[in-house]
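Quick setup: one chain, the form predicted alone, written in structure tokens, and binding and motion questions come after.
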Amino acid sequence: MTRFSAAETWKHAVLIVGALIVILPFYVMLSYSLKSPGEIERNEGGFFGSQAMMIDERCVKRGEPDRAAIAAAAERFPGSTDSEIQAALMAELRAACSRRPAVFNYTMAFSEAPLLRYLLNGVIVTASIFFIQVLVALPCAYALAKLRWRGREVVFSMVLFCLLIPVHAIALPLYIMLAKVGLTNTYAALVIPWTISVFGIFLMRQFFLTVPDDLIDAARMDGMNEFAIIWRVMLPTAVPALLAFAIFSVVAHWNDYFWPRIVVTGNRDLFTPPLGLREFKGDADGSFFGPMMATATIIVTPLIVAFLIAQRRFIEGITLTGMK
């Protein structure tokens, strides 16, 4: 028999409210990606919208018949004036440009901007950053956790201090440095500033503290040097922590808008997924919220899928880190 507990009830109520607050933006994003512009403006149509046929005005504007098209269509409409032929062609064009809102939004997300290119750039940048971060973090964390040397605690204190420095505080010096060596508008500008992750060093150091020293001593007795121990002994044991760090690193740099907006100033081929959202921000014509939300949904989906796949190992890595 389950006993009623007021404390547990309040705890679950708070968690449910917190979950709803977190889910609400995703709900709005997915809903807007399925609705027509009118339904978004009037905030109607429920979650999926009415899905009534709508006219793609950009398609109509691109296909507007000119004098040559009207003259070529004169044989199809014998005895009609130019204005009547134009009206008939416009009616055909509007019919051809009719779309369901969901189809319109997701089609426009790929047709109005090279979204696949932006997604590829995101993969290249985030994968490069994470790979180099691991190459740096593992030896540093091993040295701070398992080796005895003068000044180790001072260096670890500096690592903790670096965790307190916000990225925005050093953005200007980083940009000036990259500009002087001519690396702006390159992949290097997107990757180099983040190749050393003090959070990654701290996380892996805390995990390495949980690894028994006997395992390392046994590896040394087998003739392994310190670098061999790092990559052949410590790395396999640190997979849960690496997956946890991968989630933090990939999410942070996949969703980063601030830094790419600074160093990528004119080359659209280097745009990352968040920069791609700017393609749907209009000026006089307003913003295209439906395609913008469709693009955001496409950008977020790989992260959600990756987290669901690695959820168990992610929780395991966070749980074990810091235990000794």
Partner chain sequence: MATIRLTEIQKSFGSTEVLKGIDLSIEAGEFLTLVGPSGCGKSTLLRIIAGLEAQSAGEVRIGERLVNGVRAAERNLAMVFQSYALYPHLTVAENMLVPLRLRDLAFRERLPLLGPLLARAKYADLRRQVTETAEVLRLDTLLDRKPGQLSGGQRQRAALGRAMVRKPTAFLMDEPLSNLDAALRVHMRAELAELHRSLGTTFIYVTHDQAEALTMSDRMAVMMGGEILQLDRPQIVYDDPADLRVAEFVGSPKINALPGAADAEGRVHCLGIALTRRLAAEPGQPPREVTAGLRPEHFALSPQAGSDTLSGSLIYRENLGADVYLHLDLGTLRLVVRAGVEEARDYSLGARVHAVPRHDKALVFAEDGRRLRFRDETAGQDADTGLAAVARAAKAFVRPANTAQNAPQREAAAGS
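Predicted model only: the values in this text are computed from it and were never measured. Numbering follows the first chain given and starts at 1.
The same protein also has a form predicted together with the partner chain, omitted here; what follows describes it.
Proximity of A219 to the partner chain in the model of the complex falls within the 4.5 Å heavy atom cutoff. For the chain shown alone, M90 is not a contact residue for the partner chain in the model of the complex, no non-hydrogen atom being within 4.5 angstroms. When the partner chain is considered in the model of the complex, L120 lies well away from it, no heavy atom lying within 4.5 Å. In the model of the complex, the partner chain sits within 4.5 Å of a heavy atom belonging to R232.
Note on contacts: among A72, I196, A252, M224, the single residue with a heavy atom within 4.5 Å of the partner chain in the model of the complex is M224. Checking P236, P173, P78, G151 against the partner chain in the model of the complex, a heavy atom within 4.5 Å turns up for just one residue: P236. Partner contact region in the model of the complex: 207-215, out of 207-215, 123-131, 164-172, 240-248, criterion any non-hydrogen atom within 4.5 Å of the partner chain.
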